[in-house]
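What follows is one chain in structure tokens, specifically the form predicted alone.
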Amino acid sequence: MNLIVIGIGLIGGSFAKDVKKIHPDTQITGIDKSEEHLEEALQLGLIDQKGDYTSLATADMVFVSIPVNALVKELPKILDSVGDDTVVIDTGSTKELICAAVENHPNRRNYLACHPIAGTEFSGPSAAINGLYHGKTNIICEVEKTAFKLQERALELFQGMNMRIRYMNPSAHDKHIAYVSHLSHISSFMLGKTVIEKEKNERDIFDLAGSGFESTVRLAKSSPDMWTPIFEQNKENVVESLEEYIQNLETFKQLLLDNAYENVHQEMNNTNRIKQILKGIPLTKS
């Protein structure tokens, strides 16, 4: 298989590693706006060679893992350049605007709109890890618009990676992902901000930070270059989720002010059922 990875960081690099494990003879070409990333990817063995969009015509598969604002602009150009038998897969954390950008493209049949729910807080080629996608959910949107034989090629590879497939329309995807992904990143960033601001006056605060703080603020180490465009493209759903979250925080604060500790206990006890909801979701281990 001739695979081209556009955006050779954590997501693209991890995909390349898994493909090589499943199909060792795969020839992997890397395309990235950062020459430093390309050189690093070569040194790490993530890719076999560097390329550009002229390489796309002979690719069997193109895996695009770039920020969603760049994806909206670049995906039509990528589809302009691919061959008839090339499947183009993206990893965008938003789907509605991206799908709309290529809705009427003559090569729309070559595009499979995907969002693998996988990643860590790290970025760049050195962040790539083996098995990142193992057991993870991959959301596929508008599958009926992709040529069947190209779907099959992609799905066979996803199956080899032991991914779980969910089908969803772009609007539903963006609404649901705002709650389970985008909101958690905002919460983490703002918790980190709150503690950093407090730390200016209380220098010992980080000495008291335990594993609970570390796990909760972990996502605040994520790339702002990636997440700002996500929040922009999914603003309406993100704002809605924030309003509900803020209301819950205000309610909890009022319970404390009212000394209503039985209600505090009940709120937490009710929320404990999240353990059952999340049971079985695999954790990423680097």
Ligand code: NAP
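Note that residue numbering begins at 1 and tracks the sequence as displayed. Since the model is a prediction, treat every value here as computed from it, not as a measurement.
The form predicted together with this ligand exists for this protein as well; it is not shown, and the discussion that follows is about that form.
Candidate site formed by 16, 47 and 130: none of these residues places a non-hydrogen atom within 4.5 angstroms of this ligand in the predicted bound form. Here the chain stands alone, but in the predicted bound form its contact with this ligand, taken as any heavy atom within 4.5 Å, falls in 34-42 among 34-42, 251-259, 54-62, 232-240. Mapping the unseen interface onto this chain, residue 178 falls outside it, with no heavy atom inside 4.5 Å of this ligand in the predicted bound form. Proximity of residue 91 to this ligand in the predicted bound form: non-hydrogen atoms within 4.5 Å are present.
A residue is said to contact a partner when one of its heavy atoms sits within 4.5 Å of a partner heavy atom; residue 220 fails this definition for this ligand in the predicted bound form, lying far away. When this ligand is considered in the predicted bound form, residue 74 lines it closely, a heavy atom lying within 4.5 Å. Contact residues in stretch 143-173 (any heavy atom within 4.5 Å of this ligand, taken in the predicted bound form) are absent; none meets the cut-off.
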